[in-house]
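There is one chain below, alone, in structure tokens, taken in the form predicted on its own.
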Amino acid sequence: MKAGLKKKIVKEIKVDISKCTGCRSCEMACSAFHAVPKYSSLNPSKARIRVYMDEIRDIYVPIRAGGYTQAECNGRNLYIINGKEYSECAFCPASCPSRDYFKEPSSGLPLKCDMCEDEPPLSEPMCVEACKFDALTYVEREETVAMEGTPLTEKQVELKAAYESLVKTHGRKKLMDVFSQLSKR
């Protein structure tokens, strides 16, 4: 391994929609885990995972809550799956002003999947544990990242300068909004 680099464990939930039956056990487990107090209620509207359902065409897509975005995205892509058109919003994990998905029903605050981070940590997220059809699986993989304190490469110094210039000109919030929109393309 090169100097200044280290290995990091990245945790992910893989989704295999061909195995999803639409049972919504993942939603129930998530909502129970995040209830206050824990496991005191079942309310799928408080879950950080939702199963998008097209029961007529037998398509079920589990979608985990992503980050909050203050503005509606500009993307209006359409996806064709088994001959039926779906809007990009149907599969979007963001909590945004244009829809109520992934918002706390009583307060309107955005919800985001936390992979069930807890003390002590869970062996796997609740949605994965509840999925008896293996549509959701929990995987860990190694990723190489730069260690803190490692000197920046010449290219990284150039990128940092460009970033700081853009922040000075347009503001950090505007820049982050643009990056967020670009990452969805």
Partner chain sequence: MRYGETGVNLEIDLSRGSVEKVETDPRLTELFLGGQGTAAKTLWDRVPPEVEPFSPDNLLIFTAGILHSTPVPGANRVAVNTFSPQTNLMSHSLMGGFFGPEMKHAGYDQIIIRGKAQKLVYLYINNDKVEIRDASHLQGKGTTETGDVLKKELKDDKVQVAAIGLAGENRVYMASIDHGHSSAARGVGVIMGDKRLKAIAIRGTKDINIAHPAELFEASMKLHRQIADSDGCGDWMAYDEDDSFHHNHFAWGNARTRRKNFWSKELEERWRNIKYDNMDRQTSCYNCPKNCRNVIKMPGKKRFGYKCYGKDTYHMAAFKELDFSYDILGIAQEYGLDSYSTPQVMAFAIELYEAGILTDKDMPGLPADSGDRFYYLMEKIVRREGIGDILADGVSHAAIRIGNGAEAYDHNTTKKFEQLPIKLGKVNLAYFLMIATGEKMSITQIEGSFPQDPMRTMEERQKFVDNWTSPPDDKFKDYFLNWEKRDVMSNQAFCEIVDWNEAMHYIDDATGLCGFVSSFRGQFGGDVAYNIHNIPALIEGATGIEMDKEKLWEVFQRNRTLVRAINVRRGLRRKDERPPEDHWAVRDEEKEQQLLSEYYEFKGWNEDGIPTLDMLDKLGLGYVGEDLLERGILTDNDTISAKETSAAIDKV
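Residue numbers count along the first chain shown, from 1. Treat the numbers as computed from the prediction; the structure is a model and nothing was measured. Heads up, when I say rigid core I mean the largest set of C-alphas that superpose within 1.5 Å between the two forms.
The next section is about a form of this same protein that is not shown, the form predicted together with the partner chain.
Undergrad: Wondering, does D58 line up within 4.5 Å of the partner chain in the model of the complex on heavy atoms?
TA: Looking in the model of the complex, residue contacts with the partner chain include D58, since a heavy atom lies within 4.5 Å.
Undergrad: Taking the shortest heavy atom distance, is E129 within 4.5 Å of the partner chain in the model of the complex?
TA: Residue-level check for E129: yes, a contact with the partner chain.
Undergrad: At 4.5 Å between heavy atoms, is T169 in contact with the partner chain in the model of the complex?
TA: Contact with the partner chain, no.
Undergrad: Is R76 close to the partner chain in the model of the complex, meaning a heavy atom pair under 4.5 Å apart or at it?
TA: No, R76 is distant from the partner.
Undergrad: At 4.5 Å between heavy atoms, only one of the stretches 112-120, 46-54, 136-144, 65-73 reaches the partner chain in the model of the complex; which one is it?
TA: The contacting stretch here is 46-54.
Undergrad: Would all three of S18, R24 and L42 be in contact with the partner chain in the model of the complex, where contact means some heavy atom lies within 4.5 Å?
TA: Verified in the model of the complex; spot residues all in contact, yes.
Undergrad: Could you list which residues of 95-122 come within 4.5 Å of the partner chain in the model of the complex, counting heavy atoms only?
TA: If the 4.5 Å heavy-atom criterion is applied to the partner chain in the model of the complex, 95-122 yields Y101, P105.
Undergrad: Relative to the superposed rigid core, does G108 relocate between this form and the one not shown - that is, does its Cα move 2 Å or more?
TA: G108: C-alpha displaced by less than 2 Å between this form and the one not shown.
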